[in-house]
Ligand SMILES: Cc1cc2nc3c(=O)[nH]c(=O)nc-3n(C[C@H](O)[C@H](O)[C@H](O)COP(=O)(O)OP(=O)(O)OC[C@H]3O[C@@H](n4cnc5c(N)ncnc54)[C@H](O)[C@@H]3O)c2cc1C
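A lone chain, given as structure tokens: the form predicted on its own.
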């Protein structure tokens, strides 16, 4: 018998059997937000997370270590299309909130208007989402970055934007105690980020809930059209001879319902493995892919100083992209600068004088995510020509901003364009190729696969917030979002998850 308020990590031996009012699959932004809402309402909850639990003092010191200990499958998940685009996600208690920049942006009203056209306006009204996000900001200690949190890397972007009369702002982050250590991508060892493994998941345990880690869910148990639990098998987080050790089987019975937050790459494949059949399942998969422009300055920038992302601009939102500062640790920068021999060595010597800023596209392209044969999801997605045009335009804007800030040269990282450009050579960017294989895309803002909506041909989740055809089954992460946002999604995911969880409890009380 497992006592309430327990965390179970990797287990061997006899099967582990549990029961709770609700099972929540996943502990990131959506899962933890929903779980905390349920336990505050007095319901018993079991959170099941495929990754391990790492506390800040155990976060690795390097990005290599983060790929091993925190990232999903060593960062080997890619979107397959005309090019292979890396997908950045975590696999640990706290999910991607552990390795992202904790950026907080309210859901744009225009996005909520789009959702209203899909039949979701009654649940996700501007007033309802705004009230939830205001409460989240208080609870998570959201703070605007300043001073040593920004440093030269982000300050230079803000100066350049101001010189052109463009909107620019220091970012709001759920990192009130940030000291600018630049370790966001490998987990903040200072514990300054309010990631969900530091706030809501411990609250679930304190309030009598149970957390399973190293516990990938194999399927949702569905009986007579109702979700009644989940099952899977523990997996050891450290490979032995290249293979993960499998442990005991587990099953969790859900008296009232199951809430999925297995991520935009995981929730749809889990439903597929569980026997859910829908023409829309796995479709509507979207992202906000981006790429970087590096500027090399005559003075030291030391972009590792300050928060990883401190400044942004929505000046070009109407053109389909946003701009942000983003620092890279040397391990990743070494891969980004490219080249070989003496030129490569010289580029690395210039690293202290580099600043890297990114353009992220609110892409039109849609893809598909499916369950793979060997456990890892298969994502098929390719930015469209229009998306590539937006990225090219965004990189061109960034190059000009670098020179406005005093850069000597920029490193475009675009195949078909010279490795280095001076201020009089920016015409090369305007005529850069529009084949998406020529760009160093990265995907970190992911959406869809189990989208909400009123049209059963295009949505998996109905406006009543249930997975179509299955009672007691809900999706509470980015997989259910029906559109991209054009801004960082964590704040929206948390608000949506809390609204859905509160609705679930209210409906249960009415019933």
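It should be emphasised that the depicted structure is a prediction, and the values quoted were computed from it without experimental measurement. Residue numbers count along the first chain shown, from 1.
Here the subject shifts to the form predicted in complex with the ligand, a form of this protein not shown in this document.
Here the chain stands alone, but in the predicted complex its contact with the ligand, taken as any heavy atom within 4.5 Å, falls in 209-217 among 388-396, 154-162, 209-217, 134-142. Just one of 29, 38, 450, 46 comes within 4.5 Å of the ligand in the predicted complex, counting any heavy atom, and that one is 29. Note on the partner interface in the predicted complex: the residue among 107, 274, 278, 89 having a heavy atom within 4.5 angstroms of the ligand is 89. Contact annotation for residue 323: none of its heavy atoms lies within 4.5 Å of the ligand in the predicted complex.
Shown alone here, residue 429 lies farther than 4.5 Å from the ligand in the predicted complex, counting heavy atoms only. Interface residue remark: residue 263 is counted as part of the site for the ligand in the predicted complex, having a heavy atom within 4.5 Å.
In the predicted complex, the ligand lies within 4.5 Å of some heavy atom of residue 97. Residues 477, 478 are the members of 446-480 with a non-hydrogen atom no more than 4.5 angstroms from the ligand in the predicted complex.
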